[in-house]
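One chain is shown next in structure tokens, namely the form predicted alone.
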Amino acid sequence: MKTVTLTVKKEPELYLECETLTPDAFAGKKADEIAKIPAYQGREDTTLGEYFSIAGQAGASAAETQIIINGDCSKMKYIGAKMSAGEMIVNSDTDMYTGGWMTGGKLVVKGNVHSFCGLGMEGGEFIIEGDAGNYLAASYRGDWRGMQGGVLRVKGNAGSDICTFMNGGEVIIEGNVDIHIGTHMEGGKIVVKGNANRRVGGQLVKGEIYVFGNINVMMPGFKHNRDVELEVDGTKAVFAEYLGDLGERHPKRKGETVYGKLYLKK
């Protein structure tokens, strides 16, 4: 695997849209060619070379390319969006849409991310070593397809409305989350190792939500089913299993009604 190192040399006045900052866009290119790749600041067309010093050379394919980004990226959007392979390490905070619509590869942000990150993620691995904002792994506004595959881990806390319309994949939050978690969820797995505020699993149809801490207010559409011993993300514990959201429509499989499940660690 070959490595391209980008170092921020100029902070954008507004916000820099970096959807071309991926192993897919860099594959087969040398540093001078990468510098000419387009980027956008508001209505202004610009290039990556205007904002980054670039060293190294990409691999022949996305899978053979690693990108390391140094410097302050807190005003840069879409980093790693739609990447399909390869590896990216961002040594900074990032702005909205980081890792959105990923289909493969590995993206590591060694800081915080803003809202709307990991939208519609279909595959790959996305690790956030700090905190995440609102609408993590959710659907784009007006769309019904949230996260569909892959693994997204947040080592800090996350905001509200995470995993809205989630259809697949796995999200692990090692800290706390705010309100509206897994709303309209139709598949996938959410693990919250801290506390959840309230409105967890509203209109949950299919999928699983695990909460290790407390839920301030349990949704009324959930019914305790049983206590069960499980191993979740490396932790063995007894969980209270709730079925729900009972007020929502539910499909049938082999004559049995399929419910979403909410697990609360005892």
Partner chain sequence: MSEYIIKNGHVFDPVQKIKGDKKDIAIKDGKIVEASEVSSSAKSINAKGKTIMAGAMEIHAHVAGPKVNAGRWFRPEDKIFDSHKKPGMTRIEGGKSIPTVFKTGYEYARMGYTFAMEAAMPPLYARHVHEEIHDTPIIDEAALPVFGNNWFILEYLKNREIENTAAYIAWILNQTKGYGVKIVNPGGTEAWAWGLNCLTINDPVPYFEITPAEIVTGLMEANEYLGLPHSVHIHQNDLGNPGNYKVTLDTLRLAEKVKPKNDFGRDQVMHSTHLQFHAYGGESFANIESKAKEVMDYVNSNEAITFDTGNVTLDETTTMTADGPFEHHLCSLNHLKWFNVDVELETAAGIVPYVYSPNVSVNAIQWAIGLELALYAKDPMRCFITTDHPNAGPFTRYPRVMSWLMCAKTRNERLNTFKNADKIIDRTTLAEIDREISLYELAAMTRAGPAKSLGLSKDFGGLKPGMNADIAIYNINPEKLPTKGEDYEKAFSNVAYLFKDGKICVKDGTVVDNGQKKTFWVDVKVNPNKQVRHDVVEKFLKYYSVNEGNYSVPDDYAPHQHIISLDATHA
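Keep in mind that this is a model prediction, so the values were computed, not measured. Positions refer to the first chain, counted from 1.
Separately, the form predicted together with its partner chain exists; it is not shown, and the next lines address it.
Proximity of Arg145 to its partner chain in the predicted complex: non-hydrogen atoms within 4.5 Å are present.
When contacts are judged by a 4.5 Å heavy atom cut-off, Lys254 does not count as touching its partner chain in the predicted complex. Put simply, Trp101 is close to its partner chain in the predicted complex: some heavy atom of it is within 4.5 Å. Put simply, Glu19 is close to its partner chain in the predicted complex: some heavy atom of it is within 4.5 Å.
Residue Asp45 is the only one of Asp45, Asp227, Asp32, Glu231 with a heavy atom lying within 4.5 Å of its partner chain in the predicted complex. Checking Lys155, Lys82, Lys110, Lys75 against its partner chain in the predicted complex, a heavy atom within 4.5 Å turns up for just one residue: Lys82. Only one of 155-163, 188-196, 134-142, 168-176 lies within 4.5 Å of its partner chain in the predicted complex by heavy atoms, and it is 134-142. Scanning 240-266 for heavy atoms within 4.5 Å of its partner chain in the predicted complex gives just one residue, Arg249.
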